[in-house]
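Let's start with one chain on its own, the form predicted alone, as structure tokens.
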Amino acid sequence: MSAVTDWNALDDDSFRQQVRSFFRANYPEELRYPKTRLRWAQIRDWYLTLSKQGWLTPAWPTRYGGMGLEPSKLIIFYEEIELHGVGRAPDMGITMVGPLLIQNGSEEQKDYYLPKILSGEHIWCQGYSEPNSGSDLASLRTEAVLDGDEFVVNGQKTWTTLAQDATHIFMLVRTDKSAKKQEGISFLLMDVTTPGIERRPIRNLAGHEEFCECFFRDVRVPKANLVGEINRGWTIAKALLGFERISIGGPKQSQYAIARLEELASHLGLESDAGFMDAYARLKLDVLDHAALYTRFIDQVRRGEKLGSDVSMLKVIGTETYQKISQLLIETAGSAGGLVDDVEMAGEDFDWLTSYYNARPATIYGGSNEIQRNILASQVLGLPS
């Protein structure tokens, strides 16, 4: 466990150096910049290393076992994670369930769930999207009917990230079918070993099983697992979605991809190719613009200001730029661009298709870009629907 208890007392440069040194000394080299989302068996030891260090939950208050970082320190922490290529652990408990319970949970829920997130005993997944209810999340149909001291849950969730590794799922469920869409939704916590739950992995185009579909048939959940008030779960969900917008809107994905494109161009001697350089220059400027926009929103966070609906711009610009770079990567690689896994070219190993595959769903998850544009049009520009 780290001896430092007040990280915010350090100046930013000293804090950054400590974080960077710890990652260099402790994070497994073979797990840097993973091509796919790491499974729990792969990342478990690192998860527990962070927990032992007291660094697993940098944004949580210290009274709940977190680092209690102020916004500027928190941004530095996540920047160093990205710069060092640290793989993403199953972090729904860390980034979503924990903060949710700290703000909205009962004392009993905090006492029970928070320590188990820190210990790795509970691994969480998110039960939001459903067939025909993805970007239009408020149209969800999974139903929870109160029966005495239990809810009886029936329905289906899909695109549930790494549900096969999870021990628990947090869910939005419909508890009042007669109310307006957003007003009849509640927030439930559920043990995935409860009878009536089935998880089926979904194999994607690249052959990976990062997502699952989950089925719920007469699943009985204690009423005590309700977070907040019944039929008031949408307010909680919106807060979590706002966090997700900025967390998936960072520029590092595109920055890493453009760096690979530059490396490939150098190996192939394309600096004098006018056609390539024109396409590259446009994308490079897009990446720089995205980074500048991201910095603007991060500065708002540092100042403690609430993010507005305009944060949706990050998701749109970032994911579409990433798609364009991944497309140019495989086009530049020529016939090698269609080969799976590492391909040797000019003495270096390149993996073209991973970026391309990862970029395809990026404009869909976290709220499709079409929905984000609707949010910007109505809530930022004030355009009529």
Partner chain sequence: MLDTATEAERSDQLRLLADSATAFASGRLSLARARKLRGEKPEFDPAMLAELAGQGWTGLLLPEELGGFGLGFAEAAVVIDSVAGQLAPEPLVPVAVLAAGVLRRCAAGERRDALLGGIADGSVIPGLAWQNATGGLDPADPAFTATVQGEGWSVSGQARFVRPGSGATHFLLAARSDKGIELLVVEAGSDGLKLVSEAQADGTSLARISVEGLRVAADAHLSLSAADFAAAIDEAVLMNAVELLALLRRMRTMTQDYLKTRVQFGKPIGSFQALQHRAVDLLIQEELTAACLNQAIAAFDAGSCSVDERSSYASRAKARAAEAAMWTAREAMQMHGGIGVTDEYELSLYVNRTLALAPWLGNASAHRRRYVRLNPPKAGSDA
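Numbering follows the first chain given and starts at 1. As the structure is a computational prediction, the values presented were derived from the model and not from experiment.
Another form, the form predicted together with its partner chain, is not on view; read the next lines as being about it.
Colleague: If the criterion is a non-hydrogen atom within 4.5 angstroms, does every one of Asp273, Gly338 and Tyr357 touch its partner chain in the predicted bound form?
Modeller: Yes, each of Asp273, Gly338 and Tyr357 comes within 4.5 Å of its partner chain in the predicted bound form.
Colleague: Tell me the stretch among 26-34, 322-330, 42-50, 57-65 that has any heavy atom within 4.5 angstroms of its partner chain in the predicted bound form.
Modeller: Looking at the partner contacts, the answer comes out as 322-330.
Colleague: Only one of Lys284, Arg200, Arg141, Arg88 gets a heavy atom within 4.5 Å of its partner chain in the predicted bound form. Which one?
Modeller: Filtering the options by heavy-atom distance leaves Arg200.
Colleague: Which residue, Glu150, Glu79, Glu229, Asp136, has a heavy atom that falls within 4.5 Å of its partner chain in the predicted bound form?
Modeller: If I apply the 4.5 Å criterion carefully, the residue I get is Asp136.
Colleague: Counting only non-hydrogen atoms and a 4.5 angstroms cut-off, does Tyr294 reach its partner chain in the predicted bound form?
Modeller: Tyr294: no contact with its partner chain in the predicted bound form.
Colleague: At the 4.5 Å heavy atom threshold, is Pro71 in contact with its partner chain in the predicted bound form?
Modeller: Residue-level check for Pro71: no, no contact with its partner chain.
Colleague: With heavy atoms only and a cut-off of 4.5 Å, decide whether Val316 touches its partner chain in the predicted bound form.
Modeller: Close contact is absent here: in the predicted bound form, Val316 is far from its partner chain, nothing within 4.5 Å, heavy atoms only.
Colleague: With heavy atoms only and a cut-off of 4.5 Å, decide whether Ile371 touches its partner chain in the predicted bound form.
Modeller: Output for Ile371 is yes: heavy atoms within 4.5 Å of its partner chain.
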